[in-house]
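Heads up, the chain below is alone and in the form predicted on its own; it's given as structure tokens.
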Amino acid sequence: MRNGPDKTVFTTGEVAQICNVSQQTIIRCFDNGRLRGYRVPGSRFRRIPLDALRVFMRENNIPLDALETGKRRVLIVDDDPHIIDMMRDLLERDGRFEVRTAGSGYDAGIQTEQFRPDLILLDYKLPDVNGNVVCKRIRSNPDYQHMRIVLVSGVADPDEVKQLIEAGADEFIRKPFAVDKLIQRVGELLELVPV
């Protein structure tokens, strides 16, 4: 779990992880009064009480799920419903993840904004746009810099794979893939303890 169930005060770094935005964004929100909290006496450290964090998350339409359950949010983006169903089933059965899905780059953009995933499993070939375009859009938004992106594709050309990594993907996994290895890699990228 990211946060213990009894945690009542958070650092700006912890809040950044929970809200899936940069720490600088949280510090700015704190400093301009949008996020309530206090400074540790005699230091520059800021602390955010749980109640203030909940208010901030509600005001900014950030899902409270990660705060309440400790589960990490994964967005699966693929136009193949069989792959979506298989990945969703495996990740949900693992117990450490909350999963949402999208079937196009457009849907991925909406889900990224609303769901604020910790990690996106992104198919390279989507019906409306290639995965590298989605990657670049996500990487261009400073509030999304902590999101991990795993591109999944049958692409075999090393130059294309290199371009995908340069577009901002953290990892490239070739289809067909070993399911246990995919889940293991997702866990590693999210720094989760293996189950």
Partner chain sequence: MTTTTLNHKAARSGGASGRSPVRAEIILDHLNELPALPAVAVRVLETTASDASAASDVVRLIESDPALTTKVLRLLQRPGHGVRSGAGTVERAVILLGFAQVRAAALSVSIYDVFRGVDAGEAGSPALRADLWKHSVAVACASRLVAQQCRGPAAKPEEAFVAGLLHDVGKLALEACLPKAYQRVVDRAVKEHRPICDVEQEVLGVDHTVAARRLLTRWGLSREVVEAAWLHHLDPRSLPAGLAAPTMVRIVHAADALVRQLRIGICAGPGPGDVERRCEELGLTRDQARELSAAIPGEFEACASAFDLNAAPTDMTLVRALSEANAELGRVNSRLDEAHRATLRRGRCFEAFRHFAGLLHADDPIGTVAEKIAETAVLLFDSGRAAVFTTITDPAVAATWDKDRAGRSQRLSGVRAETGASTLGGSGGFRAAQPADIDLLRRIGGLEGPGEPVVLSLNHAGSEVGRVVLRLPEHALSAWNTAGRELEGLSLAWGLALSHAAGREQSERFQEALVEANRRVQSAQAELLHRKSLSMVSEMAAGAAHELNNPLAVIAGRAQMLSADNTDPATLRALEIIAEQAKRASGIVNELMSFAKPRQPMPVPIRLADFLEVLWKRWTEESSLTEDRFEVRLADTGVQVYADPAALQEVFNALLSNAVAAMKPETARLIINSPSAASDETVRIRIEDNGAGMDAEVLERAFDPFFSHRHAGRGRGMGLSRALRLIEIGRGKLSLESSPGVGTTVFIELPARAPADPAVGT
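Numbering follows the first chain given and starts at 1. Just so it is clear, the model here is predicted, and its values are computed rather than measured.
If you look for the form predicted together with its partner chain, you will not find it shown, but the lines that follow are about it.
Heavy atoms of Val155 reach within 4.5 Å of its partner chain in the predicted complex, making it an interface residue.
With a 4.5 Å cutoff on heavy atoms, Asp89 counts as touching its partner chain in the predicted complex. Its partner chain is not shown here, but in the predicted complex it comes within 4.5 Å of a heavy atom of Asp78. Its partner chain is not drawn, but in the predicted complex it has no heavy atom within 4.5 Å of Val99. Contact annotation: its partner chain lies within 4.5 Å of heavy atoms from the stretch 147 to 155 in the predicted complex, the single such stretch among 52 to 60, 147 to 155, 27 to 35, 132 to 140.
Using a 4.5 Å cut-off to its partner chain in the predicted complex, not one of Lys7, Glu14 and Arg73 places a heavy atom inside that distance.
If you take 114 to 135 and check each residue for a heavy atom within 4.5 Å of its partner chain in the predicted complex, you get Asp123, Lys125, in sequence order.
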